[in-house]
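A lone chain, given as C-alpha coordinates: the form predicted on its own.
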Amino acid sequence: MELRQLRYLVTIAETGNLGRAAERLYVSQPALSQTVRALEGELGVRLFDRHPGGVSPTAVGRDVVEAARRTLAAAEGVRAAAARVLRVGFEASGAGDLTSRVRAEFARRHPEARLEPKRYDWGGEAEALRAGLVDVAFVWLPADLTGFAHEVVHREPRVVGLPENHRLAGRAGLTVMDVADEPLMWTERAPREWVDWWAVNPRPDGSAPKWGPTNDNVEEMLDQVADGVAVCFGPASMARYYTRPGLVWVPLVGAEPLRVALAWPAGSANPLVAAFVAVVRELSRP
(Lines give C-alpha, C1' and ligand atoms only; values in the text may rest on other atoms or scores of the structure.)
Protein backbone atom coordinates (compact mmCIF):
# COMPACT_ATOMS: atom_id res chain seq x y z
CA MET A 1 0.00 0.00 0.00
CA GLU A 2 1.38 3.38 -1.03
CA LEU A 3 0.65 6.95 0.03
CA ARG A 4 -0.42 7.61 -3.54
CA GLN A 5 -3.19 5.04 -3.19
CA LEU A 6 -4.35 6.51 0.11
CA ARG A 7 -4.49 9.95 -1.52
CA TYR A 8 -6.69 8.42 -4.22
CA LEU A 9 -9.12 7.08 -1.61
CA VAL A 10 -9.42 10.43 0.16
CA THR A 11 -9.99 12.31 -3.09
CA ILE A 12 -12.68 9.87 -4.22
CA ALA A 13 -14.46 10.24 -0.89
CA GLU A 14 -14.28 14.04 -1.11
CA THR A 15 -15.60 14.27 -4.66
CA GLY A 16 -18.05 11.35 -4.55
CA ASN A 17 -17.34 10.75 -8.22
CA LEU A 18 -14.58 8.75 -9.92
CA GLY A 19 -14.50 11.07 -12.94
CA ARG A 20 -14.05 14.24 -10.86
CA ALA A 21 -11.51 12.49 -8.62
CA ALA A 22 -9.52 11.38 -11.67
CA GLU A 23 -9.47 14.95 -12.99
CA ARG A 24 -8.25 16.30 -9.66
CA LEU A 25 -5.56 13.62 -9.40
CA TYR A 26 -4.48 13.92 -13.07
CA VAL A 27 -4.97 10.21 -13.73
CA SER A 28 -7.31 8.33 -16.01
CA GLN A 29 -10.60 7.09 -14.62
CA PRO A 30 -9.89 3.45 -15.62
CA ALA A 31 -6.55 3.58 -13.77
CA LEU A 32 -8.26 5.04 -10.70
CA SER A 33 -10.98 2.38 -10.76
CA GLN A 34 -8.35 -0.32 -11.08
CA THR A 35 -6.47 1.07 -8.05
CA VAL A 36 -9.64 1.01 -5.95
CA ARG A 37 -10.42 -2.57 -6.95
CA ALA A 38 -6.85 -3.61 -6.14
CA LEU A 39 -7.05 -2.02 -2.70
CA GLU A 40 -10.41 -3.62 -2.02
CA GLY A 41 -8.90 -6.96 -2.98
CA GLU A 42 -5.86 -6.39 -0.79
CA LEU A 43 -7.96 -5.40 2.22
CA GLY A 44 -10.69 -7.92 1.60
CA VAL A 45 -13.50 -5.36 1.97
CA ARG A 46 -15.63 -3.17 -0.27
CA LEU A 47 -14.63 0.45 0.23
CA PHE A 48 -17.16 2.23 -1.98
CA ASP A 49 -20.72 1.64 -3.07
CA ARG A 50 -21.33 2.43 -6.73
CA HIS A 51 -24.57 4.14 -7.74
CA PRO A 52 -25.81 6.16 -10.74
CA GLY A 53 -24.79 9.48 -9.16
CA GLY A 54 -21.26 8.38 -8.36
CA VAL A 55 -19.76 6.56 -5.37
CA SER A 56 -20.00 6.78 -1.60
CA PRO A 57 -17.88 5.11 1.08
CA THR A 58 -19.25 2.03 2.81
CA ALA A 59 -19.23 1.95 6.61
CA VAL A 60 -15.83 0.25 6.52
CA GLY A 61 -14.77 2.60 3.74
CA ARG A 62 -15.43 5.65 5.90
CA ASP A 63 -13.14 4.26 8.59
CA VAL A 64 -10.45 3.48 6.02
CA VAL A 65 -10.69 6.95 4.46
CA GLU A 66 -10.38 8.60 7.87
CA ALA A 67 -7.32 6.44 8.64
CA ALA A 68 -5.90 7.38 5.24
CA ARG A 69 -6.33 11.09 6.07
CA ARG A 70 -4.44 10.63 9.33
CA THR A 71 -1.67 8.69 7.59
CA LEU A 72 -1.26 11.33 4.88
CA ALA A 73 -1.13 14.07 7.52
CA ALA A 74 1.49 12.10 9.48
CA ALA A 75 3.55 11.63 6.31
CA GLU A 76 3.40 15.37 5.66
CA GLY A 77 4.62 15.92 9.22
CA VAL A 78 7.58 13.62 8.58
CA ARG A 79 8.48 15.54 5.43
CA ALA A 80 8.21 18.84 7.29
CA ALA A 81 10.48 17.58 10.08
CA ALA A 82 13.05 16.34 7.57
CA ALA A 83 13.00 19.72 5.83
CA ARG A 84 13.42 21.51 9.19
CA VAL A 85 10.04 23.19 8.77
CA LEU A 86 7.73 23.87 11.71
CA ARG A 87 4.10 24.47 10.76
CA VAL A 88 2.47 26.86 13.25
CA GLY A 89 -1.31 27.20 13.26
CA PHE A 90 -3.11 30.27 14.52
CA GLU A 91 -6.38 32.12 14.17
CA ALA A 92 -6.78 35.74 13.03
CA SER A 93 -4.47 37.73 15.33
CA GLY A 94 -3.19 34.58 17.05
CA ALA A 95 -1.75 35.37 20.47
CA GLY A 96 -1.37 39.05 19.70
CA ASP A 97 2.13 40.51 19.96
CA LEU A 98 3.37 37.29 21.58
CA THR A 99 3.02 35.51 18.23
CA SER A 100 5.38 37.84 16.37
CA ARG A 101 7.86 37.99 19.27
CA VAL A 102 8.02 34.19 19.43
CA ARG A 103 8.56 33.89 15.68
CA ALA A 104 11.41 36.41 15.77
CA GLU A 105 13.11 34.79 18.76
CA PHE A 106 12.71 31.27 17.38
CA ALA A 107 14.26 32.37 14.08
CA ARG A 108 17.18 33.94 15.96
CA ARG A 109 17.85 30.77 17.98
CA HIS A 110 17.24 28.32 15.14
CA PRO A 111 18.36 29.88 11.86
CA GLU A 112 18.56 26.43 10.29
CA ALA A 113 14.79 25.96 10.68
CA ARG A 114 11.91 27.63 8.89
CA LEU A 115 8.60 28.59 10.48
CA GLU A 116 5.60 28.14 8.24
CA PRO A 117 2.61 30.11 9.59
CA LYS A 118 -0.80 28.62 8.81
CA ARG A 119 -3.79 30.90 9.44
CA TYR A 120 -7.24 29.43 10.07
CA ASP A 121 -10.66 30.88 10.76
CA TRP A 122 -13.14 30.30 13.59
CA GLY A 123 -11.74 27.36 15.52
CA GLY A 124 -10.01 25.88 12.50
CA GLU A 125 -6.58 25.91 14.13
CA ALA A 126 -7.63 23.21 16.61
CA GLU A 127 -9.07 21.09 13.80
CA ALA A 128 -5.87 21.54 11.79
CA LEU A 129 -3.79 20.36 14.75
CA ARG A 130 -5.98 17.29 15.16
CA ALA A 131 -5.74 16.54 11.44
CA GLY A 132 -1.95 16.79 11.51
CA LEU A 133 -1.88 19.82 9.20
CA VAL A 134 0.19 21.82 11.70
CA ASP A 135 2.82 20.79 14.24
CA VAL A 136 1.87 23.28 16.95
CA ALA A 137 -0.88 25.87 17.27
CA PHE A 138 -1.97 28.95 19.16
CA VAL A 139 -5.57 27.97 19.92
CA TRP A 140 -8.35 30.34 20.92
CA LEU A 141 -10.28 28.80 23.80
CA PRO A 142 -12.70 27.23 24.35
CA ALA A 143 -11.62 24.30 22.18
CA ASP A 144 -11.45 20.53 22.45
CA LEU A 145 -7.77 19.76 23.02
CA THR A 146 -8.26 16.23 24.32
CA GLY A 147 -5.16 14.19 23.60
CA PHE A 148 -2.91 17.21 23.13
CA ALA A 149 -0.41 18.83 25.43
CA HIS A 150 -1.46 22.42 25.98
CA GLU A 151 -1.08 25.37 28.29
CA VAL A 152 -2.55 28.85 28.40
CA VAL A 153 0.13 31.32 27.30
CA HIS A 154 -1.78 34.51 26.58
CA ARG A 155 -4.82 36.47 27.74
CA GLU A 156 -6.32 39.63 26.33
CA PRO A 157 -9.53 41.64 26.75
CA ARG A 158 -12.28 41.70 24.17
CA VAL A 159 -13.52 44.57 22.04
CA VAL A 160 -16.68 45.44 20.10
CA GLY A 161 -16.43 46.17 16.39
CA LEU A 162 -18.87 48.88 15.22
CA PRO A 163 -19.45 50.90 12.05
CA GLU A 164 -17.84 54.30 12.51
CA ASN A 165 -21.16 56.15 12.32
CA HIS A 166 -22.80 53.98 14.99
CA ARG A 167 -24.41 55.83 17.89
CA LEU A 168 -22.13 53.98 20.36
CA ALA A 169 -18.90 54.34 18.38
CA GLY A 170 -17.62 57.22 20.51
CA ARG A 171 -18.00 55.47 23.88
CA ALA A 172 -14.93 54.74 26.00
CA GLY A 173 -16.24 51.26 26.79
CA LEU A 174 -19.33 49.10 26.28
CA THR A 175 -20.92 46.24 28.19
CA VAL A 176 -22.61 43.28 26.57
CA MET A 177 -26.00 44.68 27.54
CA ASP A 178 -25.18 48.02 25.87
CA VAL A 179 -25.24 46.21 22.52
CA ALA A 180 -27.88 43.61 23.42
CA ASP A 181 -30.27 44.92 20.76
CA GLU A 182 -27.65 45.01 18.02
CA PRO A 183 -27.45 42.16 15.46
CA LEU A 184 -24.31 40.18 16.24
CA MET A 185 -22.09 38.54 13.62
CA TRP A 186 -21.55 34.81 14.12
CA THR A 187 -20.42 31.72 12.25
CA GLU A 188 -21.75 28.23 11.60
CA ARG A 189 -18.24 26.90 10.98
CA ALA A 190 -17.10 26.80 14.61
CA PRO A 191 -18.25 24.50 17.43
CA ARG A 192 -21.36 25.79 19.22
CA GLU A 193 -19.51 26.18 22.54
CA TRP A 194 -17.01 28.46 20.81
CA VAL A 195 -19.78 30.53 19.18
CA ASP A 196 -21.69 30.94 22.44
CA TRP A 197 -18.57 31.96 24.35
CA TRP A 198 -17.74 34.70 21.90
CA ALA A 199 -21.37 35.87 21.80
CA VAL A 200 -21.64 35.83 25.62
CA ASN A 201 -24.66 33.56 25.32
CA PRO A 202 -26.62 33.65 27.53
CA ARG A 203 -26.31 37.31 28.46
CA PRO A 204 -26.12 38.44 32.12
CA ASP A 205 -29.91 38.80 32.23
CA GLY A 206 -30.42 35.31 30.79
CA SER A 207 -31.40 36.52 27.32
CA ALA A 208 -29.97 35.27 24.04
CA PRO A 209 -28.06 37.46 21.58
CA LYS A 210 -29.82 39.00 18.62
CA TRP A 211 -28.18 36.88 15.97
CA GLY A 212 -27.14 38.71 12.83
CA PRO A 213 -25.65 37.42 9.56
CA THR A 214 -23.20 34.53 9.48
CA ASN A 215 -19.69 34.68 8.05
CA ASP A 216 -16.93 32.26 7.12
CA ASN A 217 -13.84 34.30 7.95
CA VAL A 218 -12.51 37.47 9.54
CA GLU A 219 -12.60 39.52 6.36
CA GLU A 220 -16.27 38.74 5.69
CA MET A 221 -17.17 39.60 9.27
CA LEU A 222 -15.40 42.95 9.29
CA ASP A 223 -16.70 43.96 5.87
CA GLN A 224 -20.28 43.46 7.07
CA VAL A 225 -19.65 45.36 10.29
CA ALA A 226 -18.13 48.29 8.39
CA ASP A 227 -21.20 48.26 6.11
CA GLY A 228 -23.45 48.69 9.16
CA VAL A 229 -25.08 45.26 8.94
CA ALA A 230 -24.17 44.13 12.47
CA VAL A 231 -21.61 44.40 15.28
CA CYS A 232 -18.98 41.86 16.28
CA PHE A 233 -16.87 40.82 19.26
CA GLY A 234 -13.16 40.13 18.96
CA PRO A 235 -9.88 40.16 20.90
CA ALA A 236 -8.15 43.47 21.53
CA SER A 237 -5.31 42.50 19.18
CA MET A 238 -7.80 42.38 16.32
CA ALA A 239 -8.22 46.13 16.73
CA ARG A 240 -4.49 46.50 15.97
CA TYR A 241 -4.10 43.97 13.19
CA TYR A 242 -7.46 44.45 11.44
CA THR A 243 -7.99 48.17 10.94
CA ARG A 244 -10.03 49.37 7.99
CA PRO A 245 -12.06 52.40 6.90
CA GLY A 246 -15.56 52.57 8.33
CA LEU A 247 -14.79 50.38 11.35
CA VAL A 248 -14.07 51.32 14.96
CA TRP A 249 -13.26 49.22 18.01
CA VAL A 250 -14.50 49.90 21.55
CA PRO A 251 -13.39 47.95 24.67
CA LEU A 252 -15.93 45.36 25.86
CA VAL A 253 -16.20 45.93 29.60
CA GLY A 254 -16.99 43.15 32.10
CA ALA A 255 -16.57 40.23 29.69
CA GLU A 256 -14.26 37.28 30.30
CA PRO A 257 -10.97 37.82 28.43
CA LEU A 258 -9.83 35.60 25.61
CA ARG A 259 -7.45 32.82 26.65
CA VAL A 260 -5.02 31.49 24.05
CA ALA A 261 -3.43 28.08 24.53
CA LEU A 262 -0.31 26.73 22.91
CA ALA A 263 -1.11 23.15 21.90
CA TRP A 264 0.93 20.34 20.36
CA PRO A 265 0.69 16.55 20.03
CA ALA A 266 1.43 14.89 23.35
CA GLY A 267 4.71 12.99 23.14
CA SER A 268 5.79 14.68 19.90
CA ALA A 269 9.27 13.56 18.89
CA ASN A 270 9.80 16.60 16.65
CA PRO A 271 12.70 18.57 18.21
CA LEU A 272 11.45 21.77 16.59
CA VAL A 273 8.18 21.47 18.52
CA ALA A 274 10.05 21.22 21.82
CA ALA A 275 12.23 24.19 20.86
CA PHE A 276 9.19 26.28 19.91
CA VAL A 277 7.38 25.42 23.15
CA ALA A 278 10.46 26.45 25.12
CA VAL A 279 10.55 29.87 23.42
CA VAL A 280 6.83 30.45 23.99
CA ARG A 281 7.11 29.52 27.67
CA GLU A 282 10.01 31.90 28.16
CA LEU A 283 8.40 34.86 26.40
CA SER A 284 4.94 34.37 27.92
CA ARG A 285 6.10 34.51 31.53
CA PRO A 286 4.65 37.48 33.44
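Please read all numbers here as calculations on a predicted model, not as lab measurements. Throughout, rigid core stands for the largest set of C-alpha atoms superposing within 1.5 Å between the two forms. Numbering starts at 1 and follows the sequence shown.
There is another form of the same protein, the form predicted together with the DNA; it is not shown, and what comes next is about it.
Site residues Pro183, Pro191 and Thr214 are none of them in contact with the DNA in the predicted bound form, judged by any heavy atom within 4.5 Å.
Residue contact check for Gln34: one or more of its heavy atoms lie within 4.5 Å of the DNA in the predicted bound form. At the 4.5 Å threshold, heavy atoms of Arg4 reach the DNA in the predicted bound form. The shortest heavy atom separation between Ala261 and the DNA in the predicted bound form exceeds 4.5 Å. The DNA is not drawn, but in the predicted bound form it has no heavy atom within 4.5 Å of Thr243. Contact with the DNA, judged by heavy atoms within 4.5 Å in the predicted bound form, is confined among 54-62, 248-256, 231-239, 218-226 to 54-62. Contact annotation for 18-40: residues with any non-hydrogen atom within 4.5 angstroms of the DNA in the predicted bound form are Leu18, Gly19, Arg20, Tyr26, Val27, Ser28, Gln29, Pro30, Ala31, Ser33, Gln34, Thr35, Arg37, listed in sequence order. Taking the rigid core as fixed, one finds a CA shift for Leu247 smaller than 2 Å between this form and the one not shown. Relative to the superposed core, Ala261 undergoes a C-alpha shift smaller than 2 Å between this form and the one not shown.
Superposed on the core, the two forms barely differ at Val277: its CA moves less than 2 Å between this form and the one not shown.
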